[in-house]
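Quick setup: the structure tokens below cover two forms of a single protein chain, split into structure 1 and structure 2.
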Structure 1
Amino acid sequence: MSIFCDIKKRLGDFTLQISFDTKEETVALMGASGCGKSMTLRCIAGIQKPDAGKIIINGVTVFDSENKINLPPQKRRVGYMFQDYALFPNMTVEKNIGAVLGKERLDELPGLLETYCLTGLEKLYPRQLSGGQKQRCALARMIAMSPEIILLDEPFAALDSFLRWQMEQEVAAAIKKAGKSVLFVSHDRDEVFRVSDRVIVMHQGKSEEITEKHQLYKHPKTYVDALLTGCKNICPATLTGDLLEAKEFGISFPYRQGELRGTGNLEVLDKREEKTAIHYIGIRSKSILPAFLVAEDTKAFRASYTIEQTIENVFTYVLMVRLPEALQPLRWEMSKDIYQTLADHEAVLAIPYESIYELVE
């Protein structure tokens, strides 16, 4: 089970240029909306034609611009789950699935209905189903086709948060059982983390290297990685001599190689002999701590702050705090217990060096 994809396609004002190679696993394509994620899936399924490149599914070349190969979707056997499920509105649940099974395999219908909890809904039309039921029906219909691989296009985006959690688990379990490799598109970092094994980050039509998910979330390497994995404080940084400055946040401290996260980037950049090795720094809103909770000998950046805004969440507080001479505030999130104790101490915060990301463009 594998997908090889190396394609180019012009899309309005940018060019989709994506390349990856996956094995038997669940891979997420993550990116902001409009970055070309869905278009990539459509090209793999054969609904859209790339301008150039090659797509190979389980060893079968389904698209090759050089050798003029472009198999129709019907010959690719790619299971594609659309964002709004694309059930046939004129057919009941059993007819939707039955259409795919055909007369010869119609005896498999009861089994599928049972597996996907659709028993009792056979005679209903799609518009009479709830979001979760529609999704299960689309899933059953897709499995009925016995796909080589499965593509999911923002599969949970249309569900409310409670159902979303449940369907995520159901779909993941069903797919694991079917044993297919899955390519899954999402902009939701939590969903990506829960569902996938590896992640391809996309930005404005370009794909970055495929990364193991823990690696990506712990060590984001680029500005986009950090942004998409939910890092809230990112700003440009310059390195002059050994002084690292992030002027927008009013942060500056002596820089020592290896103290911050993401030293891998520096090595790469040093080879290019660039003087300013770091382009951005990123700080997660939960990595900021009140200074009194950080041991004296911990290597950390410390500064006094003023609170500009306090936002109460269900379980946490979010503070917008400004450091001296900063152009914009930092976003700082903490538990309610810690928030209660802030007033008893001096207004100084600490950011351990090891939780500051060095990021490249």
Structure 2
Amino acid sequence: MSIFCDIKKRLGDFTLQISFDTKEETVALMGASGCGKSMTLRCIAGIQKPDAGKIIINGVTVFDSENKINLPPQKRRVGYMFQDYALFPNMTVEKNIGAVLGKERLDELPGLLETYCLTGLEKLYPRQLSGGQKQRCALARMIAMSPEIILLDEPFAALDSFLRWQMEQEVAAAIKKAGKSVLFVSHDRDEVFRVSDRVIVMHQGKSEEITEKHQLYKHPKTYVDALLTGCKNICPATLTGDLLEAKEFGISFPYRQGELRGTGNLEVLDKREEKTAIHYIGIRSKSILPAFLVAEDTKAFRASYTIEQTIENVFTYVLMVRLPEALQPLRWEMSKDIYQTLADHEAVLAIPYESIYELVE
């Protein structure tokens, strides 16, 4: 099972230009609203026609602008979970699902109803269902189609937290059992991490290189990567000689290649003709530590701080702290146990160099 997609489509001032090649795996499309994620799925499904490029599903070319190939949606064998569910309004739940099963497979209906928490709703029409119930019905119908590939557009958005978790597990199990290629659109970074194998980050219609999910979350390379994976502290940084400065956060320290978390981004920038390279640094809020918990021989940036705001979560505290000469505060999250010890020590924090992301545009 595979999906090859290399297409371009222009919509007014917006241009979608995306390229990737997936195998038998679940790949997430992650990006801000309006970056082209849903349009990519619609082009693969045959609902929208790209201006140029090629789409190949399991070795079958379904779109090729040069050779004038454009198979209709019904011949692409794509299971597509729409954001608006696309249920038949004049059919009950059981008939919506039964329509794709056919008479020879109707014995599978009770199992599907139970799996997707629809037992007892069989005789209801879509107008009588909640958003989450409609979504579960649409998921059951899509899986029942036994498609070649599966396209999921925000599939769990309308579900409450308990059902979201349950449906994630059910869908993941069904996908694994079927051995399908899956493209999965979501704004939820934790959901993306749990469900996907690899991730394609999209920004303003363009795609970055497909990345293994652990690599993306542990070593984001760009500003957009860090932002989408939940990094709360990102600001411009300037490298002048060996001095790295992030003035917005009041951070300044000697830079040494390989000390920060990254893949040599600064080395690449340093090879430009410019003597001073402007890029970004990123610091996850949980990577900041009280200095008294960090060994003195650990390579880290250390500074005094003042607390401007304290926010209590269920299991953690979030502190908005300002360093000397900083233009904006840092977000610092810690366990409640550590928070209770802060008053007994000098107000100094430490950020290990290995926890600081070096980022490019």
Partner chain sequence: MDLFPLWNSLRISLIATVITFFLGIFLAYYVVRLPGLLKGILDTLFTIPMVLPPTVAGFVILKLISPKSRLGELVRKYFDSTLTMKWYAAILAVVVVTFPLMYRTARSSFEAFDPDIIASGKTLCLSNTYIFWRILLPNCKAGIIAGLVLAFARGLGEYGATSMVAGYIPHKTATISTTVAYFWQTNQDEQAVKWVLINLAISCVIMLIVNVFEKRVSYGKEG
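In this text, rigid core is short for the largest set of C-alphas that superpose within 1.5 Å between two forms. Start at 1 and count along the sequence of structure 1; that gives the residue numbers used here. Computed from a predicted model, the values in this text were never measured in an experiment.
Between the two copies of this chain, it is structure 1 that is the form predicted in complex with its partner chain. Core-superposed comparison between structures 1 and 2: the C-alpha position of E245 differs by less than 2 Å. When the rigid core is held fixed, the Cα atom of E122 travels 2 angstroms or more between structures 1 and 2. Taking 2 Å as the criterion, A350 does not count as shifted between structures 1 and 2: its C-alpha moves by less than this amount when the rigid core is aligned. For L101, the Cα shift between structures 1 and 2 is 3.3 Å when the rigid core is held fixed in the overlay.
At G111, the distance the Cα travels between structures 1 and 2 is 6.0 Å after the core is superposed.
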